[in-house]
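Okay, so here's just one chain, in structure tokens, the form predicted on its own.
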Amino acid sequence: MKRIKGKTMCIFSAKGGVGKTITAINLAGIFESLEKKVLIIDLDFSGGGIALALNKPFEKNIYNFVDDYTNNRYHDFKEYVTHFDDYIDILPSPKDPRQGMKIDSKYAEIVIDKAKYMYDVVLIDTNHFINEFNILTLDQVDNILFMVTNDPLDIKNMRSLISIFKDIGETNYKVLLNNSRDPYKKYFSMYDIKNILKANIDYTLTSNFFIKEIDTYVMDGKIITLDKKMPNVFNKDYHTFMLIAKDLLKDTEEEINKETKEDKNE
């Protein structure tokens, strides 16, 4: 049976500080629980924090990959990733933002293409800027997870972003409302948010997922969704993460089943 391409998802927002990095990490934990090999690509060149949040020091990053690829020194994609555990790898962003500024946007496609043939799932964390690199990244992925909070400026910015996608006919996105980012901000009801966005809210993280000791998890480099207590303590939010993961994998499972049937018939 030929190798099925992994599924790719970019976690994106119209404003910073909505919880993209923690969400990417938590989704990686969910995919691990489903026994899927995951790569988290950190494309936040203005100060990415995936490796930092997971307490993983690294020697090579995406800048080293691009530099070696450009100068014919590239041999193996695995040389540039950092291992978190048996299921999760990280392709870190450069520690020096000046290196990030040197990475040509054309390498977004190259990096993602190589990654999806090696991993079951590729999760991409970015900054919130609408620049050429991020636009090309959004064009390359299977699915986009737009994150929004119950904040007036955030909702208005997201409305503009979704409007752009509708105008160009893009439909490969879903919206996650993160009420755990600031549980005390309750400006709008769900009805109001949908009405302002002119879009559906596909997933919701509840205010109960606001974790006071999140700094402890970050300092210890732990993934909350890998905590055995998570399904019981944060039942609704655990199932939300699981739903996002299974929605992304849906087409892959169907493709695998089709390939299996074809192999049996040969």
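Residue indices: 1-based, along the sequence shown. All figures in this text were calculated on a predicted structure; none of them were measured in a lab.
The same protein also exists as the form predicted in complex with a small molecule; that form is not shown, yet it is the one meant from here on.
- Among the residues Y217, F210, F58, Y69, the one placing a heavy atom within 4.5 Å of the small molecule in the model of the complex is F210.
- At a distance of at most 4.5 angstroms from the small molecule in the model of the complex, all three residues I22, D44 and R181 contribute at least one non-hydrogen atom.
- With the small molecule left out of view, the stretch that reaches within 4.5 Å of it through heavy atoms in the model of the complex is, among 58 to 66, 225 to 233, 29 to 37, 202 to 210, 202 to 210.
- Interface residue remark: C10 is not counted as part of the site for the small molecule in the model of the complex, having no heavy atom within 4.5 Å.
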